[in-house]
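This document starts with one chain, in the form predicted alone, laid out as structure tokens.
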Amino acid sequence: MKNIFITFLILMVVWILLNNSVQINILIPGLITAFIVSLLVCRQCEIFTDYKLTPKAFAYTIIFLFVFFIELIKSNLDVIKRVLSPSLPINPGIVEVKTTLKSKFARMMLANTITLTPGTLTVEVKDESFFIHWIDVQTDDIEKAGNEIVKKFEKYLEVIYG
């Protein structure tokens, strides 16, 4: 039931954003469509089973999105600076970082967050190890690399997904 509810909410938010209106004649078709699609698609899906429907998890979701957007802007500016620099100051490499996340969905969210942030790309995930291509490798130490790349996102995902 939780999967259907969360899918319904996501579809309604997308509907409202796409239509840019909350008028009743636009909301009703959206409600009906979102409800039908949620029932058809998520009756047996388990994608949101790890998501905690608590006020704390919701607040951490908002904070996580804010932190992600800040890191996205910072990393975009860093990559732009590197590309525009005549000496192209990069030190690319693949580093291994460890995560404490247990949930498969939380790990997937972490991998996607890392990949969406310019300058990093999740290459492989094995158990608690993430192998990440980093545009400017600053350390080979797993713990230091993890603190630099993963920890800023991991603490929020732990609360949201467990």
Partner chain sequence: MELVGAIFTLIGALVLLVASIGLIRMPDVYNRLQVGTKASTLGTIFSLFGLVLVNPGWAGKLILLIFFVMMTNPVSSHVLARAAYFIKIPLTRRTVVDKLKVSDSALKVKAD
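Positions refer to the first chain, counted from 1. From a predicted model like this one, the values you see are computed outputs, not experimental measurements.
There is another form of this protein, the form predicted in complex with the partner chain, and it is not shown here; the text below is about that form.
Remark: residue 112 counts among the residues lining the partner chain in the predicted complex, judged by a heavy atom distance of 4.5 Å or less. With a 4.5 Å cutoff on heavy atoms, residue 22 does not count as touching the partner chain in the predicted complex; it lies far away.
Remark: residue 99 does not count among the residues lining the partner chain in the predicted complex, judged by a heavy atom distance of 4.5 Å or less. Interface membership of residue 135, defined by any non-hydrogen atom within 4.5 Å of the partner chain in the predicted complex, is confirmed. Residues of 66-80 lying near the partner chain in the predicted complex, listed in sequence order, are 68, 69, 72, 73, 75, 76, 79, 80, the criterion being any heavy atom within 4.5 Å.
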